[in-house]
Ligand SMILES: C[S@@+](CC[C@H](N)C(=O)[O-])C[C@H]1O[C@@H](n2cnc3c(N)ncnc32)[C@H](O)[C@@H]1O
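As a starting point, one isolated chain is supplied in C-alpha coordinates, in the form predicted on its own.
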(Lines give C-alpha, C1' and ligand atoms only; values in the text may rest on other atoms or scores of the structure.)
Protein backbone atom coordinates (compact mmCIF):
# COMPACT_ATOMS: atom_id res chain seq x y z
CA UNK A 1 0.00 0.00 0.00
CA UNK A 2 1.32 3.44 -0.96
CA UNK A 3 1.34 5.96 1.88
CA UNK A 4 0.36 9.47 0.80
CA UNK A 5 2.55 12.44 1.73
CA UNK A 6 -0.44 14.01 3.52
CA UNK A 7 -0.04 11.33 6.19
CA UNK A 8 3.67 10.45 5.95
CA UNK A 9 5.39 13.82 5.61
CA UNK A 10 6.13 15.12 9.15
CA UNK A 11 5.08 18.70 8.38
CA UNK A 12 1.79 17.65 6.76
CA UNK A 13 0.99 15.14 9.48
CA UNK A 14 1.57 17.86 12.10
CA UNK A 15 -1.08 20.16 10.57
CA UNK A 16 -3.55 17.46 9.50
CA UNK A 17 -5.85 17.83 12.51
CA UNK A 18 -5.53 21.62 12.53
CA UNK A 19 -6.70 21.87 8.93
CA UNK A 20 -9.73 19.68 9.66
CA UNK A 21 -10.60 20.21 13.34
CA UNK A 22 -14.24 19.12 13.12
CA UNK A 23 -14.21 15.35 13.69
CA UNK A 24 -17.91 14.96 14.32
CA UNK A 25 -17.71 12.34 11.56
CA UNK A 26 -16.43 9.96 14.24
CA UNK A 27 -19.50 10.30 16.47
CA UNK A 28 -21.35 7.51 14.68
CA UNK A 29 -18.50 5.10 15.42
CA UNK A 30 -18.34 6.06 19.09
CA UNK A 31 -22.11 5.69 19.39
CA UNK A 32 -22.37 2.33 17.64
CA UNK A 33 -19.39 0.82 19.45
CA UNK A 34 -20.78 2.02 22.77
CA UNK A 35 -24.27 0.70 22.06
CA UNK A 36 -22.88 -2.68 21.04
CA UNK A 37 -21.33 -3.38 24.43
CA UNK A 38 -17.84 -3.71 22.96
CA UNK A 39 -14.80 -3.54 25.21
CA UNK A 40 -11.94 -3.90 22.73
CA UNK A 41 -11.50 -2.14 19.38
CA UNK A 42 -9.12 -2.47 16.44
CA UNK A 43 -8.74 0.84 14.57
CA UNK A 44 -7.34 0.11 11.09
CA UNK A 45 -5.88 3.13 9.33
CA UNK A 46 -5.96 5.15 12.53
CA UNK A 47 -4.11 8.14 11.05
CA UNK A 48 -3.35 10.74 13.71
CA UNK A 49 -5.26 8.74 16.31
CA UNK A 50 -8.32 10.92 16.97
CA UNK A 51 -10.75 7.99 17.23
CA UNK A 52 -8.29 5.68 18.99
CA UNK A 53 -7.61 8.23 21.74
CA UNK A 54 -11.30 9.06 22.10
CA UNK A 55 -12.07 5.36 22.56
CA UNK A 56 -9.24 4.94 25.06
CA UNK A 57 -10.56 7.91 27.04
CA UNK A 58 -13.88 6.08 27.29
CA UNK A 59 -12.25 2.99 28.73
CA UNK A 60 -11.99 0.79 25.64
CA UNK A 61 -8.96 -1.40 25.02
CA UNK A 62 -7.62 -0.12 21.70
CA UNK A 63 -5.08 -1.30 19.15
CA UNK A 64 -4.51 1.29 16.41
CA UNK A 65 -2.78 0.45 13.13
CA UNK A 66 -1.44 2.74 10.41
CA UNK A 67 1.29 2.52 7.72
CA UNK A 68 2.32 6.19 8.12
CA UNK A 69 4.95 6.67 10.80
CA UNK A 70 4.59 10.47 10.82
CA UNK A 71 0.88 10.16 11.60
CA UNK A 72 1.61 7.67 14.37
CA UNK A 73 4.13 10.10 15.86
CA UNK A 74 1.39 12.76 16.03
CA UNK A 75 -1.02 10.23 17.52
CA UNK A 76 1.39 9.12 20.25
CA UNK A 77 1.68 12.70 21.53
CA UNK A 78 -2.05 13.10 22.20
CA UNK A 79 -3.87 12.83 25.52
CA UNK A 80 -4.78 9.21 26.37
CA UNK A 81 -2.35 7.90 23.73
CA UNK A 82 -0.50 5.97 26.42
CA UNK A 83 -3.56 3.73 26.77
CA UNK A 84 -3.46 2.73 23.09
CA UNK A 85 -1.25 0.09 21.51
CA UNK A 86 0.09 1.66 18.32
CA UNK A 87 1.13 -0.63 15.46
CA UNK A 88 3.03 0.47 12.36
CA UNK A 89 1.53 -1.41 9.41
CA UNK A 90 -1.71 -2.24 7.66
CA UNK A 91 -4.55 -4.66 8.36
CA UNK A 92 -2.33 -7.62 7.50
CA UNK A 93 0.17 -6.56 10.18
CA UNK A 94 -2.40 -7.40 12.84
CA UNK A 95 -2.52 -10.96 11.59
CA UNK A 96 1.27 -11.15 11.79
CA UNK A 97 1.23 -10.02 15.42
CA UNK A 98 -1.35 -12.62 16.34
CA UNK A 99 -3.77 -10.00 17.67
CA UNK A 100 -7.34 -11.30 17.81
CA UNK A 101 -10.55 -11.38 19.81
CA UNK A 102 -11.60 -7.77 19.24
CA UNK A 103 -15.25 -6.88 19.82
CA UNK A 104 -15.19 -4.23 17.09
CA UNK A 105 -13.04 -2.96 14.24
CA UNK A 106 -13.16 0.34 12.37
CA UNK A 107 -11.91 1.85 9.13
CA UNK A 108 -12.93 5.50 9.22
CA UNK A 109 -12.95 8.26 6.59
CA UNK A 110 -11.43 7.07 3.28
CA UNK A 111 -9.54 4.06 4.65
CA UNK A 112 -11.72 1.44 2.97
CA UNK A 113 -11.43 3.29 -0.35
CA UNK A 114 -7.63 3.15 -0.59
CA UNK A 115 -7.80 -0.55 -1.51
CA UNK A 116 -7.91 -0.09 -5.27
CA UNK A 117 -7.88 -3.76 -6.23
CA UNK A 118 -10.68 -6.09 -5.12
CA UNK A 119 -8.14 -8.74 -4.12
CA UNK A 120 -6.37 -6.28 -1.81
CA UNK A 121 -9.69 -5.22 -0.30
CA UNK A 122 -10.70 -8.86 0.18
CA UNK A 123 -7.39 -9.66 1.88
CA UNK A 124 -7.80 -6.73 4.26
CA UNK A 125 -11.37 -7.73 5.09
CA UNK A 126 -10.33 -11.32 5.77
CA UNK A 127 -7.51 -10.13 8.05
CA UNK A 128 -9.90 -7.89 9.98
CA UNK A 129 -12.45 -10.69 10.24
CA UNK A 130 -9.82 -13.02 11.70
CA UNK A 131 -8.98 -10.37 14.30
CA UNK A 132 -12.58 -10.16 15.53
CA UNK A 133 -14.18 -12.32 18.18
CA UNK A 134 -17.22 -14.34 17.05
CA UNK A 135 -20.03 -11.82 16.64
CA UNK A 136 -17.56 -8.92 16.54
CA UNK A 137 -18.55 -6.09 14.24
CA UNK A 138 -16.67 -4.20 11.53
CA UNK A 139 -17.68 -0.60 10.78
CA UNK A 140 -16.46 1.50 7.86
CA UNK A 141 -17.68 4.12 5.43
CA UNK A 142 -17.49 4.79 1.71
CA UNK A 143 -18.48 7.61 -0.60
CA UNK A 144 -21.39 7.24 -2.98
CA UNK A 145 -20.20 6.42 -6.54
CA UNK A 146 -22.19 9.33 -7.93
CA UNK A 147 -19.64 11.64 -6.28
CA UNK A 148 -17.08 10.42 -8.79
CA UNK A 149 -17.11 13.74 -10.60
CA UNK A 150 -14.29 16.26 -11.21
CA UNK A 151 -16.68 19.13 -10.47
CA UNK A 152 -16.75 18.13 -6.79
CA UNK A 153 -12.96 18.00 -6.41
CA UNK A 154 -11.78 21.45 -7.47
CA UNK A 155 -9.66 24.26 -6.06
CA UNK A 156 -12.71 26.52 -5.93
CA UNK A 157 -14.70 24.11 -3.77
CA UNK A 158 -11.87 23.05 -1.42
CA UNK A 159 -9.60 26.11 -1.00
CA UNK A 160 -8.86 27.34 2.49
CA UNK A 161 -6.32 29.58 4.17
CA UNK A 162 -6.01 29.79 7.92
CA UNK A 163 -3.57 30.62 10.66
CA UNK A 164 -2.44 27.52 12.52
CA UNK A 165 -0.81 27.72 15.96
CA UNK A 166 2.91 27.08 15.63
CA UNK A 167 2.76 26.94 11.82
CA UNK A 168 1.58 30.34 10.62
CA UNK A 169 -0.67 30.83 7.61
CA UNK A 170 -1.31 27.64 5.64
CA UNK A 171 -3.15 27.56 2.34
CA UNK A 172 -4.61 24.29 1.02
CA UNK A 173 -6.69 23.10 -1.89
CA UNK A 174 -7.56 19.94 -3.82
CA UNK A 175 -7.74 19.32 -7.57
CA UNK A 176 -8.80 16.32 -9.63
CA UNK A 177 -5.96 14.79 -11.64
CA UNK A 178 -7.85 12.04 -13.43
CA UNK A 179 -10.82 9.69 -13.28
CA UNK A 180 -10.45 6.21 -14.75
CA UNK A 181 -13.44 3.93 -14.32
CA UNK A 182 -14.19 3.82 -10.58
CA UNK A 183 -10.82 5.33 -9.62
CA UNK A 184 -10.39 8.98 -8.67
CA UNK A 185 -6.91 10.47 -8.41
CA UNK A 186 -6.63 13.90 -6.81
CA UNK A 187 -3.85 16.16 -5.54
CA UNK A 188 -3.76 18.33 -2.43
CA UNK A 189 -1.45 21.35 -2.42
CA UNK A 190 -0.27 22.94 0.83
CA UNK A 191 1.49 26.31 0.97
CA UNK A 192 3.25 27.24 4.23
CA UNK A 193 3.45 31.02 4.06
CA UNK A 194 5.82 31.24 7.05
CA UNK A 195 8.69 30.09 4.83
CA UNK A 196 7.08 29.60 1.41
CA UNK A 197 7.39 25.82 1.33
CA UNK A 198 4.93 24.11 -1.02
CA UNK A 199 4.08 20.45 -0.48
CA UNK A 200 1.75 18.22 -2.47
CA UNK A 201 0.06 14.90 -1.80
CA UNK A 202 -1.59 12.67 -4.40
CA UNK A 203 -4.25 10.11 -3.53
CA UNK A 204 -6.32 7.58 -5.44
CA UNK A 205 -9.63 6.26 -4.15
CA UNK A 206 -11.82 3.40 -5.39
CA UNK A 207 -15.55 4.15 -5.46
CA UNK A 208 -17.57 0.96 -4.92
CA UNK A 209 -21.32 0.55 -4.98
CA UNK A 210 -23.25 -0.79 -2.02
CA UNK A 211 -23.72 -4.04 -3.89
CA UNK A 212 -19.98 -4.39 -4.45
CA UNK A 213 -19.27 -3.70 -0.77
CA UNK A 214 -21.86 -6.24 0.37
CA UNK A 215 -20.45 -8.89 -1.97
CA UNK A 216 -16.89 -8.34 -0.71
CA UNK A 217 -17.99 -8.53 2.93
CA UNK A 218 -19.95 -11.74 2.43
CA UNK A 219 -17.10 -13.32 0.46
CA UNK A 220 -14.74 -12.47 3.34
CA UNK A 221 -16.95 -14.39 5.76
CA UNK A 222 -19.01 -11.58 7.28
CA UNK A 223 -22.72 -11.84 7.96
CA UNK A 224 -25.52 -9.51 9.08
CA UNK A 225 -24.31 -6.99 6.51
CA UNK A 226 -25.96 -3.57 6.83
CA UNK A 227 -25.48 -0.61 4.52
CA UNK A 228 -27.00 2.58 5.86
CA UNK A 229 -26.75 6.28 5.17
CA UNK A 230 -23.99 8.03 7.02
CA UNK A 231 -25.65 10.43 9.50
CA UNK A 232 -23.28 13.36 8.90
CA UNK A 233 -23.48 13.08 5.10
CA UNK A 234 -26.53 10.99 4.13
CA UNK A 235 -26.43 12.05 0.48
CA UNK A 236 -22.68 11.64 0.05
CA UNK A 237 -21.63 8.49 1.88
CA UNK A 238 -22.85 5.27 3.47
CA UNK A 239 -21.81 3.21 6.47
CA UNK A 240 -21.13 -0.51 6.21
CA UNK A 241 -21.61 -2.72 9.24
CA UNK A 242 -21.06 -6.48 9.34
CA UNK A 243 -20.36 -9.18 11.91
CA UNK A 244 -17.99 -12.09 12.05
CA UNK A 245 -20.09 -15.20 11.54
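Since this is a predicted model, take the numbers as computed values, not measurements. Residue numbers count along the first chain shown, from 1.
What follows is about the form predicted together with the named molecule, which we do not show.
*Asks:* Just one of 90-98, 131-139, 169-177, 156-164 has residues with a heavy atom within 4.5 Å of the named molecule in the predicted bound form, so point it out.
*Replies:* Heavy atoms within 4.5 Å of the named molecule in the predicted bound form occur in 90-98.
*Asks:* Considering non-hydrogen atoms and a 4.5 Å limit, which listed residue (184, 68, 33, 217) is close to the named molecule in the predicted bound form?
*Replies:* It is 68 that has a heavy atom within 4.5 Å of the partner.
*Asks:* Which listed residue (26, 199, 213, 54) meets the criterion of a heavy atom within 4.5 Å of the named molecule in the predicted bound form?
*Replies:* It is 26.
*Asks:* Flag residue 122 as yes or no: does it have a non-hydrogen atom within 4.5 angstroms of any non-hydrogen atom of the named molecule in the predicted bound form?
*Replies:* Result no; residue 122 lies far from the named molecule in the predicted bound form.
*Asks:* Is residue 46 near the named molecule? Define near as a heavy atom within 4.5 Å, in the predicted bound form.
*Replies:* Residue-level check for residue 46: yes, a contact with the named molecule.
*Asks:* Would you classify residue 114 as touching the named molecule in the predicted bound form, given a 4.5 Å non-hydrogen atom cut-off?
*Replies:* Flag for residue 114 set to yes.
*Asks:* Taking the shortest heavy atom distance, is residue 241 within 4.5 Å of the named molecule in the predicted bound form?
*Replies:* No, residue 241 sits far enough from the named molecule in the predicted bound form that none of its heavy atoms falls within 4.5 Å.
*Asks:* Residue by residue through 95-114, which ones have a non-hydrogen atom no more than 4.5 angstroms from the named molecule in the predicted bound form?
*Replies:* Counting only heavy atoms within 4.5 Å of the named molecule in the predicted bound form, the contacting residues of 95-114 are 108, 109, 110, 111, 114.
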